[in-house]
Every structure is written in structure tokens, then in C-alpha cells.
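Before any questions on how it binds or moves, here is one chain, the form predicted alone, in C-alpha cells.
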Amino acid sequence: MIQLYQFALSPFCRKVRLVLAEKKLEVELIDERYWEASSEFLRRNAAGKVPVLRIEGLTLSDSGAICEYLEETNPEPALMPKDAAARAEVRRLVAWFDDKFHKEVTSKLVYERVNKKLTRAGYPDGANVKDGVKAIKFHLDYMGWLLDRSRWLAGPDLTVADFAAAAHLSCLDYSSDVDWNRNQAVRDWYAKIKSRPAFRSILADVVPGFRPAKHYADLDF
């Protein structure tokens, strides 16, 4: 059995979960309080971060490395294009969401409002929250620009870039931090990806002490 050590509102864990589900790979989810840095968990990943995947006798960490491994060992359905230039664009967008979007939006909203309370790291920083609310507008507009040019973010086909973006936005949507009325193309894209069977377990997530937004699990929102 594949095992994934994860935290429900980690976009990096959600990205891996979406790839696993899309490829119809059964996985046992193990909730990990990574912030406690237990010696047992640190033996699995010295960086003390989730996700960590145990598969076929291997212990893998880093969501990017895990997704690449899953794509190479389970090539169907493909989540990376065959063309080298198209693959580079997918990787660029994955990096965009996992680095720039995460730094400017996810860490300013989800981490401030949820993670700090959960880990008892203090109160939300109002300036950070304000910056996150402002930054997400730019990112939604950029996504809309991409979607005006193609069916999916990186081109005509669904790729791991879409899952990277959806993983971050689903975490933000949990606490209703996304203005879905800002861009219709983004709203339609998210509704399409949210309705995929791979998304079902994500929509069932509940973080103790934090109720999801009322519309969170609705396919027609």
C-alpha cells in the first residue's frame, strides 16, 4: 500500500494527492503534525516537511520530485506533454504556483489564518493578510489571461500545472479566500477541475477546529 504523510491544508500534499488519484493509485493518507518535528518523521525527511511518500520500498520527499516519479513510473494518464517545450511550460507554471503564488498568497492567508492557530505560533499578521488579499487578485487575473488562450493552464490538455494551481486555490477556498467572481474563465476552470473524481477526497477534508466554507464541497458554486 502506498502511504502519504501529509497535512490536509498543505497545497503541496494536495498536488500529490491529485496526481495519485488521477492515476488511480490507491493511497493511505497519514496525517502528520510536521511542525512538531518528531524524530520518527525527521528520519523520513530530514527537512521536516510534508509531503512524504512511501512507495515500492522507497521514501520520497518534495512534491515536485514525487510528482515526477509518479509520472515516470505511471505514465497513463499523462500529466506531462510529450513535447519538450510544452513540458518546460508545465514546469514553469508548477514553479510559479509552488514558489511565487505560495510566497505571495498561500503563506499570507492560509498560513496566517489557519496554520498559526493550529501550530500555536501566534496571531495572524494583519499586514501579511492584507498583502495576500491584494496579491491574489493579480494571480487570478494572470490565470484568466492564460485560460483565454487555452483550455487548460499550460495548453490543450490537463497537466500537473493545473493540479498545482488547484491545490493552492482549494486551500484558500476552504476558508473562502478566493473571489470567484473576479474572473469567469478561472471560475469555469476550477469548476471543471473540481468536478473530476480525483478531487473527491480533497473536498472531503476537514481540519479540526476550522470549518470549510459553505460552498467548499459544492460542484456548482
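Start at 1 and count along the sequence shown; that's the residue number. Fair warning: this is a prediction, and the values are worked out from it, not measured in the lab.
FYI, the form predicted together with another copy of the chain isn't displayed, but the following is about it.
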Is residue 121 close enough to another copy of the chain in the model of the complex to count, meaning some heavy atom within 4.5 Å? no
Using a 4.5 Å heavy atom cut-off, state whether residue 192 contacts another copy of the chain in the model of the complex. no
Is there a non-hydrogen atom of residue 73 within 4.5 angstroms of a non-hydrogen atom of another copy of the chain in the model of the complex? yes
is_contact(residue 180, another copy of the chain) in the model of the complex, heavy atom dist at most 4.5 Å: no
Check all three, 49, 91 and 100, heavy atom within 4.5 Å of another copy of the chain in the model of the complex: yes
Heavy atom contact within 4.5 Å of another copy of the chain in the model of the complex, the stretch among 64 to 72, 154 to 162, 27 to 35, 168 to 176: 64 to 72
Stretch 139 to 177 - residues with a heavy atom within 4.5 Å of another copy of the chain in the model of the complex: 142
